[in-house]
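A lone chain, given as structure tokens: the form predicted on its own.
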């Protein structure tokens, strides 16, 4: 199995392996099976979900929160949420989450060059001013939340973002600041 140092950051598809025992789906309780069904289409084959479902209610609440933040019908566009999650994951050092969100961003926005630069060069990579504002805000929120200021909000508003869109960016960053740290303490990414 490879570790992060072996392949660095990538937009290629990565897998994730738990360092702790995961649930054997054949041994799932009815509630665990239900939570896996509710959580994600690949939950029954994902070490991450099979580890977390051992506390079924925790995974249920985590999945509700994730789905609301990332797929909610109002507020920020999906690509803005994915850009924020990508920036947070790159800054926070989570190759697995970065690969997932980079791919989603490119699928939604169709801008592989921007994401390629963010993946390879980091959050300081060259990008258009609006994307830069989202990335800088995301990094400040992740590194030191109190470092984000009213000026950051004003900058985002200056690009036409409404308050509910800014709230979605904040929620995306917060979700992945937590999720990255959880994944990085429970297992590691690898190339299949």
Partner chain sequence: MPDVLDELLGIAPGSHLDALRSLRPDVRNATQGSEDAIFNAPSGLTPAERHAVARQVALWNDSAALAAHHAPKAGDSPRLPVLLAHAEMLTLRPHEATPAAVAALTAAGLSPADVVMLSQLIAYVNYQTRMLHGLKLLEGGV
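Positions refer to the first chain, counted from 1. Just so you know, these numbers come straight off a predicted model, no measurement behind them.
FYI, the form predicted in complex with its partner chain isn't displayed, but the following is about it.
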Quiz item: Is there a heavy atom of residue 153 lying 4.5 Å or less from a heavy atom of its partner chain in the predicted bound form?
Solution: yes
Quiz item: Is there a heavy atom of residue 110 lying 4.5 Å or less from a heavy atom of its partner chain in the predicted bound form?
Solution: no
Self-check item: its partner chain contact at residue 58 in the predicted bound form, heavy atom, 4.5 Å
Solution: yes
Quiz item: Given that the partner is absent here, does residue 142 sit within 4.5 Å of its partner chain in the predicted bound form, heavy atoms only?
Solution: yes
Quiz item: Between the options 52, 135, 127, 35, which residue brings a heavy atom to within 4.5 Å of its partner chain in the predicted bound form?
Solution: 52
Quiz prompt | Heavy atom of each of 15, 120 and 159 within 4.5 Å of its partner chain in the predicted bound form | solution = no
Quiz item: Going by heavy atoms, what in 96-112 lies within 4.5 angstroms of its partner chain in the predicted bound form?
Solution: none
